[in-house]
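The chain below stands alone and is given in structure tokens; this is the form predicted alone.
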């Protein structure tokens, strides 16, 4: 595979790059008709393609071969988090977590949330960029913002954790999580989850955990949770 990977989510039905991807291909990399490029659909497949039409706004492709990628991790990892007011921090987390390996991001609207609304388009672009940079074939899903109460009542096939800083007995995520198990981790806003939210989550089957001895920023806590689970699963 070449160092440059392009993204085309509907390549089987519509084998042409988006305007942004076409501009990068034709204007920046100066690719032309007949050149070969590598593409992923974000659904587990890589494609070796030839360029049929090299236009800055419309780059048409011909698929020459396809290859499925085995997902590098054998479990489902979902991070549900209260987005910070500073959008750059949310983007930083999504970028790094995509590179590390995450299946789903679920923004939460909590009692102490600083950000009440979230446009996911920008996060999706960041995730696609990180996918291409890390040369993966599985793009994480990004949900619309969901109220905390309705989210914790939703079913999840695996272990559910809520990380919080309230003074109550709890183990660290690293101590309680077990390799190969699907995991959903809740991370609260800068002001943490309310005690009522923690209690509601516990009643819904979430396990209260700590992420360490220090108080972490929201985006740092998200990254630590994601990295901890991936590290545990990489151990023999």
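It should be emphasised that the depicted structure is a prediction, and the values quoted were computed from it without experimental measurement. Positions refer to the first chain, counted from 1.
Omitted here: the form predicted in complex with a further copy of the same chain. The next part is about that form.
(message) Given the stretches 195-203, 23-31, 44-52, 172-180, which is the single one in contact with a further copy of the same chain in the model of the complex, using a heavy atom cutoff of 4.5 Å?
(response) In the other structure, the partner sits against 172-180.
(request) Could you spot which one of 120, 146, 86, 134 gets a heavy atom to within 4.5 Å of a further copy of the same chain in the model of the complex? (result) The option sitting close enough to the partner is 134.
(request) May I ask you to state whether residue 13 is within 4.5 Å of a further copy of the same chain in the model of the complex, using heavy atom distances? (result) Heavy-atom contact with a further copy of the same chain at 4.5 Å: absent for residue 13.
(request) Decide whether residue 109 counts as a contact residue for a further copy of the same chain in the model of the complex under a heavy atom distance cut-off of 4.5 Å. (result) No, residue 109 is distant from the partner.
(message) Whether residue 100 contacts a further copy of the same chain in the model of the complex should be assessed with a 4.5 Å heavy atom distance threshold; does it?
(response) Because a heavy atom of residue 100 falls inside 4.5 Å of a further copy of the same chain in the model of the complex, the answer is yes.
(message) Although the partner isn't part of this model, could you tell me whether residue 18 comes within 4.5 Å of a further copy of the same chain in the model of the complex, counting any heavy atom of the residue?
(response) Contact with a further copy of the same chain, no.
(request) Kindly confirm or deny that 96, 215 and 231 each have some heavy atom within 4.5 angstroms of a further copy of the same chain in the model of the complex. (result) So, yes: the whole triplet contacts a further copy of the same chain.
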